[in-house]
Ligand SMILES: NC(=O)c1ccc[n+]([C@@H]2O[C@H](COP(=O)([O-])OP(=O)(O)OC[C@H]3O[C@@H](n4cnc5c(N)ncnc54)[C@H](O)[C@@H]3O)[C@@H](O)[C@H]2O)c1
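What follows is a single chain, given as structure tokens, in the form predicted on its own.
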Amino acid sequence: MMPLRFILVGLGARSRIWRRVLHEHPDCRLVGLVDTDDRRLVEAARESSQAAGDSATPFVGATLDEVADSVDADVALLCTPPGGRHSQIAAACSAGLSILAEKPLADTLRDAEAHVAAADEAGVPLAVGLNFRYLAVTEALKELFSDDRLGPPEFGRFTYERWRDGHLPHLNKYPLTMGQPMLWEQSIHHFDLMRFVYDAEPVSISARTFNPSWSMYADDANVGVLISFTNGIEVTYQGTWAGNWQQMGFEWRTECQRGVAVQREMFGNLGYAFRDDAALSTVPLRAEEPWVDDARGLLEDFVSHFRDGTPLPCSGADHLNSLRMVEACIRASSGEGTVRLNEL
């Protein structure tokens, strides 16, 4: 079989990881690069040529339309900011390219729904890069609940406290000025993880968002949420990009009928205990390189969909259920009170 041929759109921070894992995968080939910055295009094309051999230099251009017209390709990989993707989605659909888009798919629920509808009408698969599902700690936590040693989960507390310096050179800059950056760029991961790990859907949400005086973000960097899920699971969530200490605070604790599961680091430190245990029992995790191995796992499942007919991972339609949680938080914080998800 021919390798899956990718056009990478957007050469910001995340694109370096995707270029790396694409070059490593034996069944993938990078055939095109898209960006409006000529300097980025030249640098990325040079690095790609060195990684794959000079005979495999990708075609470069300023728009996806231009590059898709010039090379034979199968997939458009969107590493662009979530706002303003209409032309990219339209170009991919017109060219019959499958779509793998960095999360979130859009920065409004309405736009995301329009993207999913456009891909469905064009008959092209659309997946979203929810790479945190592929972390070793996520897979192990999901297994803890599925093997029923602790009993069904009933309530939980998820805290994420970070001083995220949005001016650092390795980070994308658009979150500094976007609306609700914490919700759209970070909490969306956490909401997706809750749905994925608990295997449950949100029913209702109450929320409050705000911005402390020292925040570098133009809009709210703090989020507090109460979430009710199907199966009676209740979760209290607190997230911030403006925690005023360099040390990250992360803890996801879930109370089950016979004990607790506790994740104490974003990429690891998982344990569990039964009610009368004196200490947590550590859950062993495979060694991994964060951000890279999880991207590898997502790419492998994405390729398998085309090669073996396995389900499309992280589909756009499924992603909408997490985006509706973000929309519910925004509405609740704006004064609508508790928002029921079926109203969205």
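One-based numbering along the sequence shown. Keep in mind that this is a model prediction, so the values were computed, not measured.
One more form of this protein exists, namely the form predicted in complex with this ligand; it is left out here, but the text below deals with it.
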Exercise. Taking 4.5 angstroms as the cut-off for heavy atoms, does Pro81 touch this ligand in the predicted bound form?
Worked result: yes
Exercise. Given that the partner is absent here, does Leu11 sit within 4.5 Å of this ligand in the predicted bound form, heavy atoms only?
Worked result: yes
Exercise. So in the predicted bound form, does any heavy atom of Glu102 sit within 4.5 Å of this ligand?
Worked result: yes
For this session: Consider Asn172 of the chain shown here, and say whether it contacts this ligand in the predicted bound form, taking contact as heavy atoms within 4.5 Å.
Result: yes
Exercise. Pick from 90-98, 243-251, 205-213, 183-191: which stretch has non-hydrogen atoms within 4.5 Å of this ligand in the predicted bound form?
Worked result: 183-191
Problem set entry | Among the candidates Tyr272, Tyr217, Phe158, Phe132, the residue which, in the predicted bound form, approaches this ligand to within 4.5 Å (heavy atoms) | Phe132
Seminar exercise, completed: The one residue among Thr36, Gln50, Ser281, Thr310 placing a heavy atom within 4.5 Å of this ligand in the predicted bound form is Thr36
